[in-house]
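One chain follows as structure tokens, the form predicted alone.
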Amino acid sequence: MTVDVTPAELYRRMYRIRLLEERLLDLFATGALVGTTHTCIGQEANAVGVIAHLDPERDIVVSNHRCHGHYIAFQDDIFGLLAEVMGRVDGVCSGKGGSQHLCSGNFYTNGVQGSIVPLATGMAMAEKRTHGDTVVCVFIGDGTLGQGVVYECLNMASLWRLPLLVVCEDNRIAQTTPRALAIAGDVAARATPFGVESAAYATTDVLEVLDAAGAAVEYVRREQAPYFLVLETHRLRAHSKSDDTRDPVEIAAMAAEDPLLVLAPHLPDAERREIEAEAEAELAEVAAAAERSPVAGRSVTGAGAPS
């Protein structure tokens, strides 16, 4: 399956996610934000490549603690996300959901590992009964594979032929635990005993992710049956804000495969710089608007959304 999206548009979508998350980390570092946040810096190709094939009006995305890229790619709402993490009333959940618990339209997320898979499976059952052409896409990480409920859901999704796309973003580390210390065997093969179609790709190239996801989404929509898509990727920043025990040399090697760097040669330099400048101007406007929004709990009237 192909979608009409150019390399320039893919770069724009990824760069907007990158800028937003870098701004969040800066705000936390200066003490302007409290709590925590989990960025997908280095994994933007997955969010953009998969969600390019999904329709926000009929499809459903269920995400996890590392949800910002999925949210922006699906809902195109940088202001709502930034205001939410800042605890402002104009946030997507009125400043009460924070970084990990976003709910808007057909987008849902939860920071509890594994819990989102039965949620998505139930949604897939409901959608199959009522609409018949919806795809429910749930994003998990390799660390979530330690939860037994994942396999219970793969079993049910296969048995009942549910339109469930499980995307495993395998960055080979669960917080500070390397995958090799926690997961045995082939990740994609874990779906095989349940009769679930699966595929694995080791790439940070959004064009390759786009093709792989297109085939997966097309299968789920056509067959109304589950699919398990594994995307090996790189988490270039800490698990949350500063908890990173990896060797800096290892991180530097992964940074050479930054999805933005991989896609950049497909664009003329002038076009790429223009995209970046426009995104930076947009974020500056959005950040100023979020600052104007009242803090949640102090006012019931939102007034900060950019015009």
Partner chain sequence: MSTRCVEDLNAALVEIFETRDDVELIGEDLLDPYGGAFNASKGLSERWPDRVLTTPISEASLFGIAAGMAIRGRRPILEIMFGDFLALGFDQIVNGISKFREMYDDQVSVPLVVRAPMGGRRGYGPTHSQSLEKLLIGVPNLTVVAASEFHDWGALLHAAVDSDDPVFFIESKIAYGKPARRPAGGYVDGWAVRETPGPFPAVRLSASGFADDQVTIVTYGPAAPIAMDAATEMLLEDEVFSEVLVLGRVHPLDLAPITDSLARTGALVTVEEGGVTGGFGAEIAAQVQSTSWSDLRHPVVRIGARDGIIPSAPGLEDEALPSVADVVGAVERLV
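All values derive from a computational prediction rather than experimental measurement. Positions refer to the first chain, counted from 1.
There is another form of this protein, the form predicted together with the partner chain, and it is not shown here; the text below is about that form.
Here the marked residues Ala202, Leu210 and Leu236 all miss the partner chain in the predicted complex; none has a heavy atom within 4.5 angstroms. Of the candidates Phe79, Tyr108, Tyr219, Phe194, Tyr108 is the one whose heavy atoms come within 4.5 Å of the partner chain in the predicted complex; the others do not. For the options Pro118, Gly146, Pro178, Gly214, the one in contact with the partner chain in the predicted complex, meaning a heavy atom within 4.5 Å, is Pro118. The partner chain in the predicted complex is not approached by Glu223, whose heavy atoms all lie more than 4.5 angstroms from it. Though the partner is left out of this view, Arg161 does not reach within 4.5 Å of the partner chain in the predicted complex, counting heavy atoms only. Val112 belongs to the set of residues with a heavy atom inside 4.5 Å of the partner chain in the predicted complex.
Not displayed here, the partner chain is kept clear of Ala189 by more than 4.5 Å at the level of heavy atoms in the predicted complex. Stretch 146-154 is the contacting one of 226-234, 146-154, 194-202, 169-177, since its residues have non-hydrogen atoms within 4.5 Å of the partner chain in the predicted complex. Using a 4.5 Å cut-off on any heavy atom, none of the residues of 200-235 reaches the partner chain in the predicted complex.
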